[in-house]
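Just the one chain here, the form predicted on its own, laid out as structure tokens.
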Amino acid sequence: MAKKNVSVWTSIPFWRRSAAWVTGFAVMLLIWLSFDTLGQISMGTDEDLKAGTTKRVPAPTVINYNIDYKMDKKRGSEVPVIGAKEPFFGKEWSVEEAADLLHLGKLTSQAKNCMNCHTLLGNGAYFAPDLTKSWLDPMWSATGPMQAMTGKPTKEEAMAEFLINPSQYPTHARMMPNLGITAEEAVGLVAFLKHMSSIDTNGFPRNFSKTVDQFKVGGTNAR
């Protein structure tokens, strides 16, 4: 009797071996991606900033530097650009002071449940404007309306004043309620927002630069 030819595609041993190889490759790939991701999301140091080394998540002392947002043609998205040093609330913050300030800001954002209305780094709600790059919003710049409205000479002071007394400054159709934020908490929150704007989020939120361009030519801020 002639031996029957069996197709490799119907061979159980073939599929078992294939499954073992694919599973093994997937595990190795997952391990490599995990280590690569940890390196990408690990916070940088003050020494990195001083050396001009770019980290996706800069050190807390990035609040002592000017932060801009520019298009990277190679990547096809906007990226944060850390510039020269600039005072933050009138001073340069030490490594310990900056870390403590960011910790206070993060805890305050959680205690006040900011994500119940806002989006932070892709998490939260869409009832109110996204805060991921709010530090870079031209509304708060020297030529924007918020410094004049609050009567404050700097961006950070204007933002802090708004957080303490939001009901006094109508900026959006959906008014921010007064959350009882103290002056100390407001400074921490502004530091938290500035640090968040320095994080390389691969262009998130999308179309943010269009808002900047619209503002520059006299349009309204739609966020």
Partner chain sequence: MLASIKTNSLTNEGQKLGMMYFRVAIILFGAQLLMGLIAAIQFLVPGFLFEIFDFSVARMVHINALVVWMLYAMIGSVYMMITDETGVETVGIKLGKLGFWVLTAAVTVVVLVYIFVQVGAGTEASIWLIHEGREYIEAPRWADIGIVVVVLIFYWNVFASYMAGKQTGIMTVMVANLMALAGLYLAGMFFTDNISMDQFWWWWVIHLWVEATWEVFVGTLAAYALIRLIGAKREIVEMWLWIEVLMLFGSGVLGMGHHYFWIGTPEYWWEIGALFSALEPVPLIAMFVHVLYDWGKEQGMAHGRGEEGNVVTNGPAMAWIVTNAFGNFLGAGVWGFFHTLPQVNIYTHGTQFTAAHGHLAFFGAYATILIGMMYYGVQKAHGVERMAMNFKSKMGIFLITFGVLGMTVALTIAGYEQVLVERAELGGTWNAFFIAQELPWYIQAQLWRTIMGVVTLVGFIYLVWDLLTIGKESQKEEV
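Source: prediction; values computed, not measured. Residue numbers count along the first chain shown, from 1.
Quick note: we don't show the form predicted in complex with its partner chain, though the next part is all about it.
- Interface residue among 196, 158, 49, 187, judged by heavy atoms within 4.5 Å of its partner chain in the predicted complex: 196.
- Although the partner is absent here, residue 75 sits close enough that one of its heavy atoms falls within 4.5 Å of its partner chain in the predicted complex.
- Although the partner is absent from this view, residue 111 contacts its partner chain in the predicted complex, with a non-hydrogen atom inside 4.5 angstroms.
- At the 4.5 Å threshold, heavy atoms of residue 81 stay clear of its partner chain in the predicted complex, well away from it.
- Contact check for residue 68: no non-hydrogen atom falls within 4.5 Å of its partner chain in the predicted complex.
- Residues 106, 107, 108, 110, 111, 112, 113, 115, 116, 117, 119, 120, 121, 122, 123, 124, 125, 126, 127, 128, 129, 137, 138, 139, 140 of 105 to 140 are found to place at least one heavy atom within 4.5 Å of its partner chain in the predicted complex.
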